[in-house]
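Here's a solo chain for you in structure tokens, the form predicted on its own.
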């Protein structure tokens, strides 16, 4: 057999597709009023505390960041009542997923997850040469824990659960999580991706992973969403210290960078900014859900800062995306998420959402004819 430089499992990967940048739309369309509601970012921006810390740190850019991130880990350990040995940091939660793939996955290992979940994890698992096994969602677009449990066997190495799920915005409940964990062997690693935790935490039946202590579970959270620090890339993970110590062995030594560390340290102490983010999201979520429901889109109920709707076809998804884009409104078509008949709409400021409603009102009658 002829040897090749690039393994087939890398050559066959599809590149991650991010939401369309504002500057790119401005150049292409010649528009000045642009509302990006595609990437689940915090429309209020970062905390002023974070900006102050990052601005002051610019004078230290000639220095390497603290490899052990003492300040940020201390803040996280105090907030969540954990030891620093239980914490790992990375370039966003995806960075930590990359460490997991590097430390625990080898070609041929099986990774179990769901259909229609975070596409970035699919890419990371496949990049390690792992076999991706996907259970179907339920009819109401939620993780089907019974179907996942049925697919666990001796070759299963990792189970990935996005809770809440991206891009559907749904979540598994405490009883569902308890059911699943009864079927997970000790040698199988469970990744709980809680990137949207801050938006879901007040739900009575939401299984906050800090209420559990499993040696084979790692929780991933991020400063990219509710904390508004997408641009500097900083995520964190909680797990048993043995799991963390092994991940640390494969971690690049100076991640996150200096600016990310100090920005996150500032953000974590600005509780009013976080609460304002969540409360404003609730107001605009209701307005968006009601608008979509009134206009016949059957939005999927979400506990996040976005709503997913089913258009019914790739053609309608593409048409909606392009015609909104022509008016300066950026939403997210989900073909790269293997959901071409859906689109996702992030929740922005009141002004951004008003722009969306104005643009939709202009095209909705034509859309309904497709």
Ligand SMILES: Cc1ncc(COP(=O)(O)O)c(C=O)c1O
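This is a predicted model, so every value here is computed, not measured. Positions refer to the first chain, counted from 1.
Below, we refer to the form predicted together with the named molecule, which is not included among the displayed structures.
- Stretch-level contact check against the named molecule in the model of the complex with heavy atoms at 4.5 Å: of 284-292, 94-102, 80-88, 130-138, the positive one is 94-102.
- Proximity to the named molecule in the model of the complex, defined as a heavy atom within 4.5 Å, singles out one entry of 233, 273, 116, 251, which is 233.
- Exactly one listed residue, out of 160, 177, 197, 171, brings a non-hydrogen atom to within 4.5 Å of the named molecule in the model of the complex: 160.
- The named molecule in the model of the complex comes within 4.5 Å of no heavy atom belonging to residue 261.
- Looking at residue 166, you'd find a heavy atom of it within 4.5 angstroms of the named molecule in the model of the complex.
- Residue 222 belongs to the set of residues with a heavy atom inside 4.5 Å of the named molecule in the model of the complex.
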